[in-house]
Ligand SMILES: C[S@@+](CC[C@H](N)C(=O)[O-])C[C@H]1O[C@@H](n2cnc3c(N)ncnc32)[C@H](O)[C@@H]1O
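One chain is shown next in structure tokens, namely the form predicted on its own.
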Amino acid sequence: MTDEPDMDPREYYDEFGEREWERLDRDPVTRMEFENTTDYLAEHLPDAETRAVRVLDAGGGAGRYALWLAEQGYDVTLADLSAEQVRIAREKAAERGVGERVTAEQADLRELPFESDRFDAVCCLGGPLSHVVDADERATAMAELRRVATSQAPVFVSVIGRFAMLRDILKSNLDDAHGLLAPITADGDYTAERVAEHADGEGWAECHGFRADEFERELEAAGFEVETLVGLENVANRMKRELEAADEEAVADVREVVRTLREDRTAVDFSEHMLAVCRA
């Protein structure tokens, strides 16, 4: 066995830097993730025109969603494990002219530094909860998201899908990482220990890939009422290069199919990111 690679999420996203800001506008598939997510935010968030609405963007990274929320009139607190992502979020908020509406600070999902019942809505988008690999710690993080939300507040959580993780290995890294297929299939855990044992080369940040039933079950165990599960990319899963090379009409057709299927349970399970729309 080789030495374990450094796959700590905090260090990974510190080094990832501006690429996290760029990620959600990088290609047609990542834009589908963002557009489908904001569709559901727009539908379920409280009306910011009639009163001040406080939104937590937990694990908000470089601030793509926080800035969208601020531009819709919400008062946003972004909390992220990575000091570099927090710095970028502050910088982007100032550049976009919404610095007064966005507060960004470093924080851990498992121990949010906010009083209970503080936020009128809570977001945890793009998969930060998937980087809490230990099941007990993930339950703690989910409980924290619920604790800081007011009663009946909308809560939006998206995580990484297990099938997408497997397809990524099959499509892009089979020769070097095929040994990861069986353990990830069994429990969804992508860890430094497993990469050292079963794969050649450096790994991505440690993460847990969800099945749809498992995701719903864990949210309900944390006390959430799950209203809708959404497959944000579904049939476009791991098709970034192909769709980048396709013409606009073809991409538009794929986008419409993804929208049509996004609440289909099979499409949710197959998606790179699955979104849960919940009530606290």
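Residue numbers here begin at 1 and follow the sequence given. Because the structure is a prediction, the values reported are computed rather than measured.
Here the subject shifts to the form predicted in complex with this ligand, a form of this protein not shown in this document.
Across the options 187 to 195, 161 to 169, 145 to 153, 104 to 112, residues that bring heavy atoms within 4.5 Å of this ligand in the predicted bound form belong to 104 to 112. The shortest heavy atom separation between residue 209 and this ligand in the predicted bound form exceeds 4.5 Å. Contact between residue 121 and this ligand in the predicted bound form is not found at the 4.5 Å heavy atom cutoff. Using a 4.5 angstroms limit between non-hydrogen atoms, residue 215 is distant from this ligand in the predicted bound form. Taking non-hydrogen atoms only, residue 81 approaches this ligand to within 4.5 angstroms in the predicted bound form.
In sequence order, 13, 20, 23, 24 are the residues of 13 to 41 having a heavy atom within 4.5 Å of this ligand in the predicted bound form; the partner itself is omitted from this view.
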